[in-house]
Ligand code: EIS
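This document opens with one chain alone, in structure tokens, the form predicted alone.
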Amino acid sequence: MSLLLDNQFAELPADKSVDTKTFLDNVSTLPPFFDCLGSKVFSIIKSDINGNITKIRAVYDQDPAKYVTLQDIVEAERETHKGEWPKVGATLALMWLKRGLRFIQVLLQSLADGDRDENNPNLIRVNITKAYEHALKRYHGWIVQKVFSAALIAAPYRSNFLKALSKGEEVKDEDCLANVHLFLVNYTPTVDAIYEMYSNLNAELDYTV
């Protein structure tokens, strides 16, 4: 069974609202994805995602009936924290979490689209680079960027990465990529909806770490 399909994301409703409990249950299965990338550097993103999930869940658990959707949480914190918002609480945690989720999305979509380095077709360095530059690089300072640049050198072979996504099972590449396509069907709209929400609520912050 594919690691990605252990807890498949559900189709969003017409209003694109993201159910908090379902979302948290789904994303909680994703941190092991970064173990498939080999380098310990990616454990930084894994740890960040785990921490942000914990922060969001802690807020949700305070009042599940009040925080049915992610937008309920963000809007409630905007009202509560006033001038400190959005750099506070679950709003800040979700802001960083969605960037980690976008990294996964772009990486997988790049693989599904067949993006390759023609000189090194069995490496996924080009896919990881695309994902990092699209989702995270602009929010990282020079030192952090250098750390991730070094990690790319240790990126796994494409075949090994796909095998890891299949939990070590011997699965044909095309079957694994079919699972990637299936995963992205609902995952991508979910990530897009969170980005759209942050844009609409003017909750996005553009600072580096």
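Everything numeric here is computed off the predicted structure, so don't read it as measured data. Note that residue numbering follows the sequence shown and begins at 1.
Below, we refer to the form predicted together with the named molecule, which is not included among the displayed structures.
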- Message: For the three residues Leu37, Asp48 and Phe161, which mark the spot I'm curious about, does each lie within 4.5 Å of the named molecule in the predicted bound form through at least one heavy atom?
- Response: yes
- Although the named molecule is absent from this view, report whether Ala58 comes within 4.5 Å of it in the predicted bound form, heavy atoms only. no
- Item | Interface membership of Ala76, the named molecule in the predicted bound form, 4.5 Å heavy atom rule | no
- Item | Contact of Val106 with the named molecule in the predicted bound form (heavy atom, 4.5 Å) | no
- Query: Could you tell me if Asn179 has a non-hydrogen atom within 4.5 Å of the named molecule in the predicted bound form?
  - Reply: no
- Query: Just one of Val171, Ile44, Leu184, Val68 has a heavy atom within 4.5 Å of the named molecule in the predicted bound form. Which one?
  - Reply: Ile44
- Query: Which residues in 126 to 163 have a heavy atom within 4.5 Å of the named molecule in the predicted bound form?
  - Reply: Ile128, Tyr132, Leu136, His140, Val144, Val147, Phe148, Ala151, Ala155, Pro156, Phe161
